[in-house]
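Just the one chain here, laid out as structure tokens, in the form predicted on its own.
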């Protein structure tokens, strides 16, 4: 990450930026004054950049406690006249949905841009929803950048469009665009000072039914007006070579289509759409009239394709349209050049390109994600495993949540029986405690607890549920890159912030059984679990130990290096450390248990696990 380039004042300078860095640059160039997010891959780098440069550039940035709050902070700032932006991964929009839909009615004063980073192929997500559908449902303009430079341009354009029509503007990114690098040509950073004042207007900002009816009508009229912007937008362009067929495409798919058509000299003219809602109807109608056969290539859902089919019917055109409905293109997973090439070849009835190299039929070994060496969550899972075995409880249920600890699903722990969404572990535990007689042990992380865990925990206490909740507090938002949360003592501007203590918050609800343990101390943790499982009601154990990656970094800076080894004179090959604890640093070689010194981070929990004291510190 080259922060100096992202905030550079050198106009026309060409820099090589990540798509997410380009979004941040667009916010800065466009005179953005407030940005918010809840971190989530593939959107996280936008916030990581803005957090580091906010003070120097002169805007406000925050990591909010969840996406709904992030959305409301940015939307209300827009109403006060500031150019504002909020962004999150695609499922974050589900959390913000209630305010998101209404914001289209209320509109904007200062420019307001919403970036949704969708995750085709679910590289780091629980689903692969196409959020263009939700933006269309809300009635918002949609922009789909093809490369990092367009990402920068579209944020700036989004501010202008938002202010011109008084409407939030939705930008859809995907994992490939957010994480690709490309040339970005810098433009001047706008430094206009805007009036920061909230002028009351309850008829517009308070959508009680009488107002909402008017506001909805206004929204419909706005989106109709914005059609003219889409018709003349430079983000919608045609590459015409006098070919036989037409392709309509959008976003990252446009890059694949253009490359494949040029490389294989395929007979297609291309209409690339970057401003996709409202679609440029006249332009598309003219394009349809020029060809007997048209293909629509877009990632995930047939959003543009459906619009094109409606246009065809309304205008009584004879053009044949091919896309998802014709068993040629798939609604599943991420597109890439090979997939697009195969789709186009299939349409043309051509054989797949002959392979130049012989590909050996080799199945690569599976590499499932695992908890890091030294991860305190592993120690917690091990402690739960040991106590359940001691108490002969065989059918406990483990609702899990979104975070590193979802990896408790893996062997040998098998401690993730459900996982819906952020905060869902506690709500699910509520239901299971009412519907079964089995022991229920739920797991949630500290950041996820602040995000969406508090309301269901209040629900659990209020409705007299019976389960044990583990709050795994590693002092960071680990999975998305160690962003801060209300429990860590600093904020998104890098300033000292008050700490919200989880135990005080839980006790404030009224829950009596609240214990804080260090998961590296196995006996302390196991005693707390055993006590909890013998009592009725809602019990909370906070397993507090810093993330192993943060600990490793801290110890390296302090010059502290601790490594463990197996003392073969003491080892009895019981394999408890391998089969029950399963740290990636421990392995078997020639029937002997070994510790990989490179992977070992010196946490020492394995030495507590060994019943023969055979795991010792290297001196």
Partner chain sequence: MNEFNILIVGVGGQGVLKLAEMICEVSLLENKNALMSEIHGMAQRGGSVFSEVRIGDVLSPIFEDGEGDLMISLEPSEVLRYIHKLKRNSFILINDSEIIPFTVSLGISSYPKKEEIYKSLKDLTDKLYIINGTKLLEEKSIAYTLNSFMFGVFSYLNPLNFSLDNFYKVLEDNFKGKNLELNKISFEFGREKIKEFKI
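It should be emphasised that the depicted structure is a prediction, and the values quoted were computed from it without experimental measurement. Numbering follows the first chain given and starts at 1.
Below, we refer to the form predicted in complex with its partner chain, which is not included among the displayed structures.
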Picking from 129 to 137, 391 to 399, 303 to 311, 335 to 343, which part of the chain touches its partner chain in the predicted complex when contact means heavy atoms within 4.5 Å?
-> 335 to 343
Could you check which residue among 206, 189, 180, 348 gets a heavy atom within 4.5 Å of its partner chain in the predicted complex?
-> 180
Checking 284, 91, 468, 372 against its partner chain in the predicted complex, the residue with a non-hydrogen atom inside 4.5 angstroms turns out to be 372
Using heavy atoms and a 4.5 Å limit, would one call residue 434 a contact residue for its partner chain in the predicted complex?
-> no
Although its partner chain is absent from this view, report whether residue 103 comes within 4.5 Å of it in the predicted complex, heavy atoms only.
-> no
If you check in the predicted complex, is residue 175 within 4.5 Å of its partner chain, heavy atoms only?
-> yes
Any chance residue 255 has a heavy atom within 4.5 Å of its partner chain in the predicted complex?
-> yes
Honest question, do 123, 363 and 552 all end up within 4.5 Å of its partner chain in the predicted complex by heavy atom distance?
-> yes
Out of 571 to 602, which residues reach within 4.5 Å of its partner chain in the predicted complex, heavy atoms considered?
-> 578, 579, 582, 584, 586, 587, 588, 598, 599
